[in-house]
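Before any questions on binding or motion, here is one chain by itself as structure tokens, the form predicted on its own.
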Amino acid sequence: MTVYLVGAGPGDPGLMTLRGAEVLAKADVVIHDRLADPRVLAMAPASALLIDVGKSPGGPVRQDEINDLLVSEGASEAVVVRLKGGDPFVFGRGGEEAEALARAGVGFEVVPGITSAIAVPAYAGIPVTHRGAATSFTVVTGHSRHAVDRDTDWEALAVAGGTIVVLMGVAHRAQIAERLMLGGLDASTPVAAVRWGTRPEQTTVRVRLDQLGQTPLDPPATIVVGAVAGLDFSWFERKPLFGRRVVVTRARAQASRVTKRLEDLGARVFEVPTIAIEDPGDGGAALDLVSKAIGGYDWVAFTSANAVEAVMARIPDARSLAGVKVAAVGDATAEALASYRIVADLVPVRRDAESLVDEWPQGSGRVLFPRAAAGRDILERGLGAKGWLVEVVEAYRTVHPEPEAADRRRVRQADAVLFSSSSSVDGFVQCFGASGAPSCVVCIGPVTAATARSAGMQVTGVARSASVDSMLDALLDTLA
């Protein structure tokens, strides 16, 4: 019976602590704030109950109601995570929640988080301390009128010197600036206001202290006051895809690698899967039979990672593959095999079925070809012409899920879309129509590009080889 008070950090999921991710991954109930990033919430199990207690402007949830909810949920057998932005004890009212739990006899654990007071300036290229500019920093809230008028001695902060980091102070920024100047801070003191810090939507506005009150700003923003705000060691906002909104259409289970690479490049990624992977129509009966007898084949030809996963899940013993040669089309397929310590005997230079046929040796024998239910017949025809007996078995089906309203909104907002297969193009057209594609359309290879063009899309980039890295290179070339 434990409630975890978890600091989720300022927004970037990569700033979630290892301990925070660990407890979130086993949560039954997640009670979260309004600004919780969906990518952080996605770390919780799909079965977890998500409860939004966000204190949105004009419609606040009373803190005592949140305390009561924590106590009632914490008294159950469920694993309860109270997910809070930044750090639970830095202006997060985590102390009040811990107090309520302790009073009720409910066990709790505090998982500290990275506060926006230091992370957001860092992502804006502003060190809160810097030799010759600031040897200390003060973190203060400007959230309420009481904090501005009565609770905080702004004049004393001005006299103390160093860096002043103001959280939740956008609404009262004019009064804050006035009080600091009354305390002796020069009107020309540098100020930086960072909105949506650590996220791809981050924007940084730099002004003088006397201009802060008249500068248009919207929350959420972290305001940095002091000499260090005049420094600019920008790195985050200079990433090559910073702020670009990219739709990834792969099946959700396969999208994480692409998403991570795009986020490393600074993009805002929308995972909008236009295909989903399901079991074969016969429930896998045929695949079960051939997988158990796989040692009787001379070759197994894999053209997708999905086929690798489907077959390997059914092989009773890896030694069953002894003496069987394996072919793989594409880097992702070869990597899927490598995850099972299987090195492909044949990987064509060009990552498509046509190239596999070209490089396949003449001969005779049996070839097992596990594929999608509605796959192309190029491989069986081509290998058959070279003397091989090809046995095709349905390993999985691709279906097109119904898009949610949020998916439709994200597609409309996107700058680019990535297609990694013809089936993902077909699914996109079925879900959103060809005219719904963003102006930048990048495909993993010529076959996928041809499918997109035949659907009426203007293809702006094609990967030189059928790999994630090459597809991202094409995206960078196009958007640059």
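For every residue, the number given is its place in the sequence shown, counted from 1. In this text, all values refer to a predicted model and were calculated from it rather than measured experimentally.
Not pictured, yet referred to below: the form predicted in complex with a small molecule.
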{"item": "Interface membership of residue 172, the small molecule in the predicted bound form, 4.5 Å heavy atom rule", "value": "no"}
{"item": "4.5 Å heavy atom contact, residue 220 and the small molecule in the predicted bound form", "value": "yes"}
{"item": "Non-hydrogen atom contact residue 97 with the small molecule in the predicted bound form at 4.5 angstroms", "value": "no"}
{"item": "4.5 Å heavy atom contact, residue 92 and the small molecule in the predicted bound form", "value": "yes"}
{"item": "Residue among 168, 290, 158, 71 with a heavy atom within 4.5 Å of the small molecule in the predicted bound form", "value": "168"}
{"item": "Residue (of 398, 259, 115, 152) lying close to the small molecule in the predicted bound form, criterion heavy atoms within 4.5 Å", "value": "115"}
{"item": "Stretch from 104 to 112, 227 to 235, 84 to 92, 398 to 406 whose residues place a heavy atom within 4.5 Å of the small molecule in the predicted bound form", "value": "84 to 92"}
